[in-house]
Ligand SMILES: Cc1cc2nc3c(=O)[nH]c(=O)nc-3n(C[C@H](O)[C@H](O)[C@H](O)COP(=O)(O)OP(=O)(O)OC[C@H]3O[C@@H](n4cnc5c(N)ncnc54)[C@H](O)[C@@H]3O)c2cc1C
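Shown next as structure tokens: one chain only, the form predicted on its own.
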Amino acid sequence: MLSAFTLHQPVSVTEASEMLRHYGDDAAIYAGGTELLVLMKERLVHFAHLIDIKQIPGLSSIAVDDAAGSMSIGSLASHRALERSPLIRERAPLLAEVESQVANIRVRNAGTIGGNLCFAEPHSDPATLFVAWDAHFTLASAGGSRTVAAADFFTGLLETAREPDELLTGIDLPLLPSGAGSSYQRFKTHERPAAAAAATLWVEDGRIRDARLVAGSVGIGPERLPATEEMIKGQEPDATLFARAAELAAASVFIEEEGFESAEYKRHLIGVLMKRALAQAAERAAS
């Protein structure tokens, strides 16, 4: 049973931001509500004011800017919309694939990509992928807007760089050029993954020019693995290199002790998943 609250429906980002500033800690943004309402029903949190941002126009759009080589995604786009979007399936098919794996059909229909990212649940599939793709998030308030890299957005367990009066309004996602490939691998026993690995590789003249490798769902948020990235740069992509890289990734990743899986088992999973992600990313870069 939910405790009583007042539902506000602003029609602009400025109005929503001013409400958040006015009500302070008594207010929360309401979009899909798949995480928020569960917590409120369980009496783990309570907010006297919910700011329903679904009336704000333009926050669910999906568009491609070919000149900039990027895709823009509104924060109110649902997981199901991203999964089924013809534009995403054509230009960023890995995102559609990942979105099709999020939780269950009920959550994908109601939950929004912005809500997923702002909740900063450590087992978020899109968060890990977006860090590997060097996505950037637009945060807006009554005072203006700013852009934050996905790698800098997740600051701790259930914590982000979003200020109390800011809204996440959009995601800027670079489109992979020719010679680049990406992969996302996960292992789950329930709806949320127990471990995940994402790899993006840029291959030029038969060697790895650049790499972004990310471990997810085993720590407090997505974790880039710079030592492993540096290890494979300039090298020819092959199974031996990827096996060594996977070992380093597994050894260096931070493991949060939670859930039913041991830290040792989670390290093993990261090694297995990263090896698969590297191999598939290299294959896609070559195609």
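Numbers for residues come from their place in the sequence shown, where the first is 1. Everything quoted here is computed from the prediction, not taken from an experiment.
The same protein also exists as the form predicted together with the named molecule; that form is not shown, yet it is the one meant from here on.
Within 4.5 Å of the named molecule in the predicted complex, a heavy atom is found for none of 92, 178 and 236.
A heavy atom within 4.5 Å of the named molecule in the predicted complex is found for one listed residue only; from 102, 203, 173, 82, this is 102. Of the listed positions (232, 28, 225, 40), a single one reaches within 4.5 angstroms of the named molecule by any non-hydrogen atom in the predicted complex, namely 28. With a 4.5 Å cutoff on heavy atoms, residue 35 counts as touching the named molecule in the predicted complex. Although the partner is absent here, residue 118 sits close enough that one of its heavy atoms falls within 4.5 Å of the named molecule in the predicted complex.
Looking at residue 167, you'd find a heavy atom of it within 4.5 angstroms of the named molecule in the predicted complex. At the 4.5 Å threshold, heavy atoms of residue 186 reach the named molecule in the predicted complex. Only one listed stretch (103-111, 129-137, 143-151, 83-91) carries heavy atoms within 4.5 Å of the named molecule in the predicted complex, and that stretch is 103-111. Along 182-219, a non-hydrogen atom within 4.5 Å of the named molecule in the predicted complex is carried by 186, 191, 192, 193, in order along the sequence.
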